[in-house]
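Only one chain comes next, encoded as structure tokens, the form predicted on its own.
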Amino acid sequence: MNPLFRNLCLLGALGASLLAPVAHASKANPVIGLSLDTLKEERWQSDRDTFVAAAEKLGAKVIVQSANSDDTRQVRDVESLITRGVDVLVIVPHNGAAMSRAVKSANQAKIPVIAYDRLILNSKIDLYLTFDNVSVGEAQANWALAHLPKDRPLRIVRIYGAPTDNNAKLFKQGQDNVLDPLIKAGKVQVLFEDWALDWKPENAKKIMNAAITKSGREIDAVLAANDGTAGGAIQTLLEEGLAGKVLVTGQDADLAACQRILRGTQAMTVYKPVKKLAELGAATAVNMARGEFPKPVATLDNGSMQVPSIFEKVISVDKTNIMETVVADGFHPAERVK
């Protein structure tokens, strides 16, 4: 046989084996497909590790895919998991609208779909597991107002998350619930606001630079939607000599953010007990693979249906309670936070 032809045949066989359906011993050992938007952020690494460990403890196998914040790649990842015959799909979408096409393929294959932490829009999904995302924004705004002067109008900058992430819109909605009446009453002035594409800190830094260029250095607070964007804003504040003088919010209780809180450059973060959500997600996925569907506590409209939903609570964290929340839960060890 021609060596080149033989090598091509071997490559073809290898490709076929990689795409072949996964083998299931029984429903006692289901296979879960976990499609993640990204693993660049510490938060999602923690979700993945906890989810996989919890699922394996229950006898399941987890195939993890990460799309690096690329919609086309994530749709392809999910379609690959469908081809491999996973029992349940758990998806953290980069773009909740773009993912609807892949969910339709899952529906046709009769594979249950769980939207994890971020809602998938305009599609038929079986469950939405998340934190109460509106309350995240409310917690950020309420904490800021409680720690700012009350004898004069406040000047704030608002840095939202990725415009493709439905959660970012829910965080903003929560902030709006608190801030809108005060803005209308002239008690809060929004100096500058913008969306940080793909949640990137460097984009948040650009927004903060633009805010100072436009409105000057007299800023009371930066309401940053998560710890990554908070870090980007704080980098600008450090360069301007304003770090620690301007209140900055965050979310996710990333290690770097917890360290900034104790050092005084970030004021607070919103802690979402990721371990609890990831363990719930793993147990729910395994149960669904075995034909046991959970009872939802609420529903949420995704544009196509009222999605059965389960919400976990969030916790505002600052230097006064960081040890009895983030550290006590084992989310970060005390020696690394300090």
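Start at 1 with the first residue shown and count on from there. Model, not experiment: these values are computed from the prediction.
Note that the form predicted together with ligand BGC isn't included here; everything after this is about it.
The stretch from 36 to 44, 278 to 286, 299 to 307, 60 to 68 that comes within 4.5 Å of ligand BGC in the model of the complex, counting heavy atoms only, is 36 to 44. Among heavy atoms of residue 167, some come within 4.5 Å of ligand BGC in the model of the complex. Taking the partner from elsewhere, residue 118 is found to have a heavy atom lying within 4.5 Å of ligand BGC in the model of the complex. Although the partner is absent here, residue 251 sits close enough that one of its heavy atoms falls within 4.5 Å of ligand BGC in the model of the complex. Taking non-hydrogen atoms only, residue 226 approaches ligand BGC to within 4.5 angstroms in the model of the complex.
Contacts between stretch 176 to 213 and ligand BGC, counted in the model of the complex as any heavy atom lying within 4.5 Å, involve 199 alone.
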